[in-house]
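Only one chain comes next, encoded as structure tokens, the form predicted alone.
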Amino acid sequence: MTDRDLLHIPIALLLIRHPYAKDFFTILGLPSTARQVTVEAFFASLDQDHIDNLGLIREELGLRLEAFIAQMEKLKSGKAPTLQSITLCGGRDKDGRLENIRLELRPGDVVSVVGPTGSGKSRLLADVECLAQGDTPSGRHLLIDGQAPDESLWLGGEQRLVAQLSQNMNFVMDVSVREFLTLHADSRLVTDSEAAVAQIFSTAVLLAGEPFTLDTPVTALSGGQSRALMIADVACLSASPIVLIDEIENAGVDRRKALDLLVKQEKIVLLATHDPLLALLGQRRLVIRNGGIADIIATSDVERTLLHKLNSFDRKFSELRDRVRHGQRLNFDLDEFLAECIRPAGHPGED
């Protein structure tokens, strides 16, 4: 259906064909009595001040409606935005020194971003999130499949290429976990929203390690529970093929499970972290100094072997933290505990 076709049919008929278009007309303040008029007549009846306040142009309303319906139909079809690669083209550090890099990432790649606090890790993630085109303080450029991003890739909602999990995550909606997840599932036109909500919730509880219920208000969730809920939501429901995570180790979630969950979805993952275990999980590490990418380090076989042993050590300390957190006493031989932590690879029971 073209823009001209849309303009010449009654709004009531349009809503029968495309029920979700009611949101478009709600924004414009459609009264219930106007449903029998044509789309063109309704647009013509709108007060100019009202259109100006919405930041719209009357002559473009038909085109915007058509674009809105096309986007929703694409979402309804279940087709997620796809890409073959993203390419990060270097900019400059805080002193103006050029980065001189060109880094290509493909679905399934995990790249860690490491550096001291204040070095510029979050700036790098922000550049990817906004598909920078030399218009940020770093001067970096992002290419999608080798080309400058098309304007449509800046659309909001589920057609966005990038999902970001930031350090600070606060809910302001006065809704329960169930209502929050249902809203997101319904906005994506999920056929069985109840099943989707159940999947996301069970995954979130597994990641958080702290029990909460579907009836818990989202504003009552702890920091770890909030982050776990959003990680599960991104992994299970978000169509975005690029995921940015800023310091997941501070979130109070099972970080290894969270990263494994995202990786198996064949997403490109960029992870800013101070945690050496998470840093070594990436195929490469971007070393940030003074606002610039100072080095790109490929994870070596020696580091992967070391990571295997460090994970065993970390699991043991996690057990100790859980015991103390649940009010238990610690009573063990330290030398035996350390020996168990660093047992050689291949020891029975080591995963």
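A residue's number is simply how far along the shown sequence it sits, counting from 1. What you see is a predicted model, and the numbers here were worked out from it, not measured in a lab.
Unshown form predicted together with a small molecule; subsequent notes refer to it.
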I need the one stretch from 277 to 285, 88 to 96, 171 to 179, 231 to 239 whose residues put non-hydrogen atoms within 4.5 angstroms of the small molecule in the model of the complex. 88 to 96
Checking a candidate spot here: are 120, 123 and 291 all in contact with the small molecule in the model of the complex (at least one heavy atom each within 4.5 Å)? yes
One residue of 116, 146, 134, 211 in contact with the small molecule, assessed in the model of the complex (non-hydrogen atom, 4.5 angstroms): 116
Only hit among 138, 226, 203, 164 for heavy atom within 4.5 Å of the small molecule in the model of the complex is 138
Would residue 129 count as touching the small molecule in the model of the complex under a 4.5 Å heavy atom rule? no
Residue 247, heavy atom within 4.5 angstroms of the small molecule in the model of the complex: yes
